[in-house]
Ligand code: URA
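Here you get one chain, nothing else, as structure tokens; it is the form predicted on its own.
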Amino acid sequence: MKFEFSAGIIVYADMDGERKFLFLKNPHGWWDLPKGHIEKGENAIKAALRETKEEANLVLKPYRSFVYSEDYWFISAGEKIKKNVKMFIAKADNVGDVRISEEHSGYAWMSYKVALNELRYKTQKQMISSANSYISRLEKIDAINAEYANLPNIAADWKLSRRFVPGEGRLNAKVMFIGQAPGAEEDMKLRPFIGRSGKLLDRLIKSAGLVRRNVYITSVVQFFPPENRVPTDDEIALCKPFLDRQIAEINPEIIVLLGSVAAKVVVGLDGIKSIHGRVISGKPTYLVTLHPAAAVRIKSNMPLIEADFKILKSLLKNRKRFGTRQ
């Protein structure tokens, strides 16, 4: 059996008050997405960017938290071929820049409903359906974050940093991690968990069989508390409604609570050293563990947090066995 690998971009734009997707008409007369073979020395994202430039004259910035992967088989010259296609999504701001390559006979911007009627293959419809749902979630999270980021301008006696550190990761993630608040490095780079604690968290996530880009990582308070102090009850009360809305939109199966602040704010539990490793079943299921910073500072905490992530790995195996979403 021969194997082939392709990549492309599901391109969308806001046009005439609605979301529309870009399709190219191939020589066979049916609509397709900008995509092509992954060449030697390329990864999927580089191939997708190159193909979209060659086929549609668009230079785009894909959302790396979304990857749609599809496998299918076909026969060519009597040989069975298994093909894997990886599709990213990106927004086009300059729709007038579209110039199609000679291998295509036309292009069209279609709404989601029109695309479902016009597309020939089930796999194409599944790609567009997945992308359309993800973009809707992305726009809602962006709206929540824009409102949250404005909090320093409207809250009285604001003492936290004025720099908003949004969560990051896959917006339809199965697993969500919630810490206390950004640190100084996170405040500077505007990304959660990227310092020493973040490096440990990355390793722990990997030990549970996960990849960081496929989970969602955030904090109870998403502004740096000066001198890395614990956020006050009033500060938490201001920020908690935004966290609740983010959780509702991402809708994870499992939420891992990193440390005492997250455990107390989200599920009302105190005494992290006595409750770490506790699983609270439900929708979502919660796992309480230490904050990675506690293991970085105090080496005797390392076996405790590692044991908790083994529990997470077990939870994930049980869900996979019973067919919950991936």
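If you're wondering where the values come from, they're calculated on a predicted model, not measured in any experiment. We number the residues from 1 along the sequence you see.
The form predicted together with uracil is left out here; the points below concern that form.
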query	finding
Contact test in the predicted bound form: Glu186 vs uracil, heavy atoms, 4.5 Å	yes
Any non-hydrogen atom of Pro252 within 4.5 angstroms of uracil in the predicted bound form	no
is_contact(Gln180, uracil) in the predicted bound form, heavy atom dist at most 4.5 Å	yes
Contact test in the predicted bound form: Ser197 vs uracil, heavy atoms, 4.5 Å	yes
Stretch from 145-153, 172-180, 75-83, 102-110 whose residues place a heavy atom within 4.5 Å of uracil in the predicted bound form	172-180
Uracil in the predicted bound form - contacting residues of 281-300, heavy atom within 4.5 Å	His291
